[in-house]
Each structure stands twice: as structure tokens, then as C-alpha cells.
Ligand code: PEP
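We begin with a single chain expressed as C-alpha cells, specifically the form predicted alone.
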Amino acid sequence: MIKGTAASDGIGIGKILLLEETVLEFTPHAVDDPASEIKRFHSAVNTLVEETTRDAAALRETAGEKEALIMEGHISLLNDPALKGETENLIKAGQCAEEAYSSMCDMFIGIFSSMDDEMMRQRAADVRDIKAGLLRILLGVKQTKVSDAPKGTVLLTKELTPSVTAGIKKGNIVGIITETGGKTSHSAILARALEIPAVLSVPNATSVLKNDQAVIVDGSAGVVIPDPSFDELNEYTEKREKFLRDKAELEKFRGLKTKGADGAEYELVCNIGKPSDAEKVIEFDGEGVGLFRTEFLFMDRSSVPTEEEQFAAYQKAALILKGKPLIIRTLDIGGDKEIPYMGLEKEENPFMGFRAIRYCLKNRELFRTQLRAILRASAFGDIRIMFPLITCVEELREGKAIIEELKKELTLLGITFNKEIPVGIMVETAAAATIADVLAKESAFFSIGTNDLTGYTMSCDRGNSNVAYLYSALQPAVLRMIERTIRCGVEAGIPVGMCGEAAANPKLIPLLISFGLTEFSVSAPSVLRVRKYIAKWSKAEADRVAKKAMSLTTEQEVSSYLATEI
């Protein structure tokens, strides 16, 4: 048995197809005709853009719009003016296209890989993918075709790239094993979208496991079993059948209201990053959007999106949702996210630095443009505004004051908007949780961001393996922050939601119900499962579990106890 990272639920039983890394070696050489070499470079880029466009279309069919956007992000990288322009300059200086493009890609890979932000580190994998693709075309190397894989295939590779994933025939691939990638990597996102069991970050997987070897992939437990015994095959066949039965059972919750065992109703909404993601919310029976991460609108482009572009994006999401709530988080960006055109300074400790609401309040025109676009879009749906990383009441007041100024301007211009648009905050810092009673008096709602709240409360970076043992929302300190925040919201009479990963954790759900949480915001594919979890609990039963859990003193004690109750 080999352990890895559980990335996509389910059990896969089949034979391994090892996707060996294509040899893309070349000998750097000087070029005598730079103009001709630049033309060869452009031709390769155009060919790869055409291939990637086809891959995006294939992913849109098999996985969905969000996953296709990953490939479209590759197209943006291929057309990036800085990357193309500097490559051309190196060719003009005498380098061949292979050497010039490789060196530029390697520079970007180094920059992205060194960043603290997981999303930006993922960009390094994207650049590696397009680098390999372009070298393959320049060198005339034949591409591996995953589409030819037979039924019952378990893909084994060092890194599952979006370009490889695009060729997957869903019915033929029963499992995925990689040496790299985490739960938030594109590999994981794509595997989950295709509903293929996946175990990632398996040490030396391509060396330990062999082509055509029988294997079991347990994507729920993060376990790979090579050469399974007869008993293991029987055991995991039963587990797979149970998983499929449980999945079918979830369909019974489609179209139902989200209720506890005692009939208490809750809002079950979704987190999205692009307007088109709202279609997934409807597809998976979400009741609205609890978090629209607007920073994605600012990425993979060369300039700040205009007011009209932002208005169109927010309007599109609102129209898709047809009156369901849409909470739009204002720009959450800072020194940890590299957006070249915004001129962000490199900071030694970006998560404690100039980001989110702090950045927006110092860049008023950019902030006003976004808020004006949101206000205009509010005429087309139930839109609400949410400020990220609030740490003191002054930040909330300043943000609300700007909104009031914009309301007056729009009124004078005769532009329609929701004059009573709710303005709330994310509670994702220990500071905000500590003064939640103060903030609740001036907020229309709270949404708890458990990812950052856990990191800030426990003073640990979830990407640092040396302190990863501290990063858990079940830590007593984090639970107390969550409980206090919800209690302050309830006492002030405002709704309190949660948009961090913990909102979908079955161990936490009884505690959240007991504390008084009213809204759960999760990934769209998690909706039915979370609705089922909530349906199990009455307030009285949740109170019993919460009382015991909150009396425990370690994360392990809390986790072990809650595991016996779910």
C-alpha cells in the first residue's frame, strides 16, 4: 500500500498506463537569420494555440466550463506579450527558438514556484505545460494520445497536465496517479470534474509502479494498492459499489430545500471564480453564490478590466442565477499574487502585507470602478457586496463610505441600482473574529473564510509541510474563533455564512449548526453531499455534539470524537 494525497473521491480498479515524459532535448545553437527563426517561433505558437483551443472545447464537453477555462488560460499565457516579446528579443540576439523560449519559461516558472500563494504556484505548472507543448512542436516530437487508452486504464504520470487531461475518454480511465499536485492543483480540479478517482503526490510513483501493472486507486483515502490480492480486490470492489450507491443516494436531495432533521432551513450556496461558473451552481442545485472571487477577472490579461467588462461579468452571473443571491467579494489581491500590470511590490511576508481591502482603499479609482460596476449590476439580481480581510472597523466604514458616494453619483446620472444593497465582510483574521461584536453592528452579514482564519489564528502556512500539522479548522483555537464570530452575528441579528473549505466538512457541520451558522458556501459538486450531511442533524443533537467537542483540548481529540458522531 502506498500513500499519497486524496484528490478525487472514488475507487478505481484497473491496469496502469505509464505516461512517460517525452524527451524534449535540443542543442542550443546560434541562428544566422533571426527573422526566419522568429517566424518559425510564431508558427509553433499558432499551432499550439489551435491545439489548445481544441483541447479547451473537448474539456468543455467532458468536464465543464470552469475546467475549459484552465486551457483557455494556457492560450493567454501563449499570447502573453511579455513572454513572446522577450523570446523574440533573445532570438534577435542570436538564440534559437527552443533556447529562447525555454529560458523565458524557466524564468517565469522560477518566479511562480517561489510564491507563497498556492494559486500562483499552480501557474508554474501551466507554464511548464505550454513550454513542453511548444518544444514538442518545434522539435517535431509526436504527442502521446491518452484518447487511445483502453477501458479499465489507470493513468500514471509525474504530472497530469491539462493538455493530457483534455484527451481523456471518461469511460475508459478509471483512476489517476501522479507524483506531484495537491488538492487545489489543476490535476485535482480536472480529476474531480471528470469524476475519476485520483491519488496525487505519490512519492516516486513512476519508478515504483510499472506499466500494465494491476492496481487499486482509492481517491477518497489517498491510497494506491499495487498488485492487489484476491481479498483486496473483493474488499475494494465492495467499497466501489458502496461509493456508487451513496452517490446515487445523493440524487434524492436534488431539488429539495436544505433542512436539518428538525426542519430548520439553511442556505446552501456555492463559491465561484468566473461568471460562467454560475451555470455549475444551477447544474449542481446550489441555492446561490456565497463567494464570487473577482480577482480571477484581473488575471491572465495585460490590463485592469474596465468598468464595462466588470459590469458585464457581474450582470452575467446575476442573470444566470435568476434572482438567487450573489455575494461578490471585492478584489482580494496583493503582494503574494503576481499581476505584472498592477505594479505590486514584492513583499517578504505578503499574507501579512498590502493586500485585499488594504490595497483597494489605497487605490481608490480601481476600487471605485469595481464598486460602481457591482452597483450597476445589482439592478439585475440579488447582489451583495463583501469586503475581504477586514481587521478593524475603520476599514469597513471607509469602504461603505465609498459605496455611499457612488450611490449618489449613480442616482444623479439616473442609473438604476439596488439602493439597499447589503454590504458585509469576510471574517478571516483573528482580529475580525475578536471584534466581531463591533463589526456585526455595521455589517449586513458575515462570511467566515476558514482557510485564512485557520492560518492566521494558528500562525502557520498551509503550504509549509513543517507546520502543516497545525493547519486544521478543528483546532480548539480556530473553533473558538468560529463560535465567537457566529454568536456575535446571531446576537446582532445578521446572517452568518461560511465560504471556506470547512463548510463542507462533515465533522464540522454539527458544530456549525449548533453555533448558529445560517449559510454554507461550498464548491458546486459538493452541494448534494453537504445537503445530506445537514439533513442528519437537529439543533438539539448538534448542541450535544458541540458541547462535548468544545470541552476537548487538542485537535486530535476533537477530530477523533467527531469521527465517531458523523
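Note that residue numbering begins at 1 and tracks the sequence as displayed. All figures in this text were calculated on a predicted structure; none of them were measured in a lab.
The form predicted together with ligand PEP is left out here; the points below concern that form.
Of the candidate stretches 25-33, 50-58, 495-503, 536-544, only 495-503 contains residues with a heavy atom within 4.5 Å of ligand PEP in the predicted complex.
Interface membership of Pro197, defined by any non-hydrogen atom within 4.5 Å of ligand PEP in the predicted complex, is ruled out.
Using a 4.5 angstroms limit between non-hydrogen atoms, Arg462 touches ligand PEP in the predicted complex. Under a 4.5 angstroms non-hydrogen atom cutoff, ligand PEP in the predicted complex lacks Glu179 among its neighbouring residues.
In the predicted complex, at least one heavy atom of Asn451 sits within 4.5 Å of ligand PEP.
Checking Glu88, Glu279, Glu159, Asp332 against ligand PEP in the predicted complex, a heavy atom within 4.5 Å turns up for just one residue: Asp332.
Proximity to ligand PEP in the predicted complex, taken as a non-hydrogen atom within 4.5 angstroms, holds for one residue of Glu295, Glu395, Glu287, Asp126, which is Glu295. Of the residues in 308-327, none comes within 4.5 Å of ligand PEP in the predicted complex through any heavy atom.
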